[in-house]
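Consider the single chain below, provided in structure tokens and representing the form predicted on its own.
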């Protein structure tokens, strides 16, 4: 692993409810970040093709039309849509973590795709528990979604939005030796910027790791694309709060609270060593003789078919 890694947080707006146009935009940013020397670029929660704000503001019986558009613009894995993201990473020679609305069968998931510079998807995690209104849109993840990914640029992990409120989720990833954490948020909701600030700064200190925290922003066009789901809301253009943080919870870049921007920072892994010598939450500062965490890993399926001879 190199002593220093350049990373990027891509605070961009989706082309709301348009998968292909949003992927065009994400791929352009991947290539731009690669040209700027980034080895890893992170994108916001569900950036492809946008966060379902309408579920927060419309009556439950009124969201079907927008949910249907989201379903048809979601990303199956693998698919030609995910292949395009992979091709951009291969072309740019960078790692990417991309927030997507993932479609499997008849269910949508709020997912993070981890893609390598060889153009291969090496990780995919789903939000374990959709928050409040999100449960009308997304299904739930399972124990497989608390995995850590070993790469030449460090051990990568991620959580989505209010997953950062759950100390068990956090520790399940941190205790595996996480070094770079990607925290994805929807953006466009400035009322939670204080939560993002507190959650990400604490996460960095708690894990003694680097955090790339990345939100989207809203545009007038994105709000208009949601029709009544945007008009009835208190949504306003802007609303970003992206940043890159060090292991002491200090800001290395940002927070960027304006419009679209790409933030860069060079991560010096000696800073992790310095903090671990003081407090290693999964090492000398742990007390497994007093408290321990058990994770039920593995992907759960609703159907198992056992084939064998009938007597």
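No experiment lies behind these values; they were computed from the predicted model shown. Positions refer to the first chain, counted from 1.
We do not show the form predicted together with another copy of the chain, though everything after this point is about it.
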- Task: Just one of 35 to 43, 278 to 286, 256 to 264, 22 to 30 has residues with a heavy atom within 4.5 Å of another copy of the chain in the predicted bound form, so point it out.
- Result: 278 to 286
- Selected contact from 87, 129, 77, 223, since only one has a non-hydrogen atom within 4.5 angstroms of another copy of the chain in the predicted bound form: 129
- Query: Might residue 152 be said to contact another copy of the chain in the predicted bound form, defining contact as any heavy atom within 4.5 Å?
  - Reply: no
- Message: Can you tell me whether residue 252 touches another copy of the chain? I mean in the predicted bound form, with a 4.5 angstroms heavy atom cut-off.
- Response: no
- Item | Non-hydrogen atom contact residue 171 with another copy of the chain in the predicted bound form at 4.5 angstroms | yes
- residue 159, heavy atom within 4.5 angstroms of another copy of the chain in the predicted bound form: no
- Could you list the residues in 273 to 303 that come within 4.5 Å of another copy of the chain in the predicted bound form, counting only heavy atoms and keeping sequence order? 273, 274, 276, 277, 278, 279, 280, 281, 282, 283, 284, 285, 286, 287, 288, 289, 290, 291, 292, 293, 294, 295, 296, 297, 298, 299, 300, 301, 302, 303
